[in-house]
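Encoded as structure tokens, the following chain is the form predicted alone, with no partner shown.
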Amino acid sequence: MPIDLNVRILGSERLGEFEDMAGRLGITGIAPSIELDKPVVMSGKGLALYFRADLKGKRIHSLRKELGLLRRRAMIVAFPLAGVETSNWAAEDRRVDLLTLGSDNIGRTLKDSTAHMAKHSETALEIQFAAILQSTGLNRSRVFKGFREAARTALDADMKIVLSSGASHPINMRSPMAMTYIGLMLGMNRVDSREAVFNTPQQIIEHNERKLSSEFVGPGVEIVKRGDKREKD
């Protein structure tokens, strides 16, 4: 079930354009930048819409507060790769799903130590390929180089990778197969690239659906069957 975990819709009135493009491309779910009423909403066109929250704080104290407010509301919580201190915090916190690299933070480096922390907390590196499509010449080469280095660091640490469009216009969205070829261009092998498009996004969604359900108690603890509340005579 291919899901694009990052589409940047500038207004809810444009949502239909992205839904139509997703349908044509064979994408079954998207995480738009607009706020949703629930963690997951099924659109009238049969597309799953996932509430994505991108943390915006600059300091760990404010990030913790922001994360606490958003985690029970959002299906996906992401943090843009930044300085070492905040990136390491996000990589260690199991409530953060994605460390993102895209148009807004080109040039940021994924450190080996950060990638190893993320591996243990199951936080994935998200590479938004819109930055490649929107760049030209030497600037495109710089974007490719940064993305390839980040992908290699993640793979060496066994950190999961997610490929998403980061599209601010439907024309920048790509089919799942085209997304896997972008992964190959970033130096990933065919298995890892397919995993980053088809499997890892779905696994993150399924994991968070369980955590957001009323049956979830804590890591490794879920309510399997509720007892009868009626008092016995």
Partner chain sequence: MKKTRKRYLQFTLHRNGAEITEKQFSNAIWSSLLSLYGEICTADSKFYLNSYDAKKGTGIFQCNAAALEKVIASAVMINSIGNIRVSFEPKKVSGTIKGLG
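As the structure is a prediction and not an experimental result, all values here were calculated from the model. Residue numbers count along the first chain shown, from 1.
One more form of this protein, predicted together with the partner chain, exists but is not displayed; see below.
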Residues M21, R24 and R174 are flagged as a possible site; in the predicted bound form, is every one of them within 4.5 Å of the partner chain by some non-hydrogen atom? yes
Within 4.5 Å of the partner chain in the predicted bound form, counting heavy atoms only, one of 64 to 72, 48 to 56, 198 to 206, 24 to 32 shows up; tell me which. 24 to 32
With a cut-off of 4.5 Å between heavy atoms, is L133 one of the residues that contacts the partner chain in the predicted bound form? yes
In the predicted bound form, is there a heavy atom of the partner chain that lies within 4.5 Å of any heavy atom of R190, even though the partner is absent here? yes
Taking any heavy atom pair closer than or equal to 4.5 Å as contact, tell me whether I182 reaches the partner chain in the predicted bound form. yes
The partner chain contact at H169 in the predicted bound form, heavy atom, 4.5 Å: yes
Note: exactly one of R152, R140, K119, K111 sits with a heavy atom within 4.5 Å of the partner chain in the predicted bound form, namely R140
